[in-house]
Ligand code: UTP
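Given next, in structure tokens, is a single chain: the form predicted alone.
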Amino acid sequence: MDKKIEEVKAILKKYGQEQLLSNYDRLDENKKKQLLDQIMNINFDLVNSLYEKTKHEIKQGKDEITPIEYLDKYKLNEKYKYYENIGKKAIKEGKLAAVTMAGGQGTRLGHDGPKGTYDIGLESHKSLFELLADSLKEEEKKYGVIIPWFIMTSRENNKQTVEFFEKHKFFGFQKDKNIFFFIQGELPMIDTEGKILIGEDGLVKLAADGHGGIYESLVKSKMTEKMRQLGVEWVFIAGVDNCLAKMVDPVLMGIAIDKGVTVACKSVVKASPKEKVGVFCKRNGRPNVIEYTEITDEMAEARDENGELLYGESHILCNLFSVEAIERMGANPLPYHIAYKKAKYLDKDGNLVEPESPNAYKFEAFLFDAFGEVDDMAVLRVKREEEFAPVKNADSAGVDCPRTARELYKKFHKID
């Protein structure tokens, strides 16, 4: 330990982060070891470069934004069966796996625990996890095949999540055989001076690196290796909060395979031209998702000859990737976006500081930032009422909340 702490001190001195050891002597032996291991694993050059980014206003480039082509699932006519049959064949051959991103807590919903354990208020009292498990098991039965389920947790909720599944006998799945858990990547939080914060537990204050960290996490945790061993070629990725996520869609798979693309995404048409959602587009000729803040009023209102919005395809975090695409995207970190947040921390004297206003930066990557790495991808418009019932806000918000998700779920499944 003595040798290790000297090594750590040298690293911290080099990067001006000596405060990370200010509470070291107050920790027990186990925490001391954890802290030293954490520090040894920090990419301080990356932290420095991210801090430098916080000092400069991000300038929007002169990017050329153009509409992206899409297919409407319910206007495919005779092509529907054609794509469906291609997808069905691949699914029956065991080439599909599902990934659920479940690293978040249910705090915004007033729920103490992982978001996936939240009960949206159905009479069955099934959690989001169980609703997704039911859907996946139904598809397995339909196709007579095992569809491996990979669940991305976070350091914060991994233990609770796995215990929840254990308590419910993994909803009929078998751990490490057809259900697998892996942990999302994290980055240190820093203050406005670029100093890494110490959390309430005396360890480095870490925050999840956003859903864009999915690729790197799948690769680093060797889950892509596991997928290849299982014969998986395609991976459907969605968030845990969408209780209507259709994880097994032969039409989407068929389109991807037929068109020879490595990424295929689902969209729903914007509820209104000014809806605050990211939409699919092409940026400098390559696939992308553009934030609503980047679209001019003129672009938002623009329509094609059929009266459809030119920028009307909302990204709903329901995407299909080839394993090869995930491995390629996971080889290098995506660009990070900066968020200014309130964060509790311990000062150098071990006192807990609870700020009343934002005081720290966290850094997140967005899954769709990797879309620019592919030459082309397919976008399939689906019906909102059939595939998109997110639980993001408390009922008081009135939208994307337990009440709206519950209504959509009951209507879709014809539950009185």
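Residue numbers run from 1 along the displayed sequence. Here the structure is a predicted model, which means the values were calculated and not measured.
There is another form of this protein, the form predicted in complex with this ligand, and it is not shown here; the text below is about that form.
**Student:** Which one, I198, A208, M223, I91, lies within 4.5 Å of this ligand in the model of the complex by heavy atoms?
**Tutor:** For this set of options, the contacting one is A208.
**Student:** From the list K342, K81, R108, R155, which entry has a heavy atom within 4.5 Å of this ligand in the model of the complex?
**Tutor:** Partner contact (heavy atom, 4.5 Å) among the options: R108.
**Student:** Would L317 sit within 4.5 Å of this ligand in the model of the complex, counting heavy atoms only?
**Tutor:** Contact with this ligand, yes.
**Student:** Given that the partner is absent here, does K266 sit within 4.5 Å of this ligand in the model of the complex, heavy atoms only?
**Tutor:** Judged by the heavy-atom cut-off of 4.5 Å, K266 is well away from this ligand in the model of the complex.
**Student:** Would R403 count as touching this ligand in the model of the complex under a 4.5 Å heavy atom rule?
**Tutor:** Judged by the heavy-atom cut-off of 4.5 Å, R403 is well away from this ligand in the model of the complex.
**Student:** Would D241 count as a contact of this ligand in the model of the complex, using a 4.5 angstroms cut-off between non-hydrogen atoms?
**Tutor:** Because a heavy atom of D241 falls inside 4.5 Å of this ligand in the model of the complex, the answer is yes.
**Student:** With the partner removed from view, which of 280-288, 294-302, 141-149, 99-107 is the stretch that lies within 4.5 Å of this ligand in the model of the complex, judged by heavy atom distances?
**Tutor:** This holds for exactly one stretch, 99-107.
**Student:** May I ask you to list the residues of 112-133 that have any heavy atom within 4.5 angstroms of this ligand in the model of the complex, in sequence order?
**Tutor:** Going through 112-133 in order - heavy atoms within 4.5 Å of this ligand in the model of the complex - there is one hit, K115.
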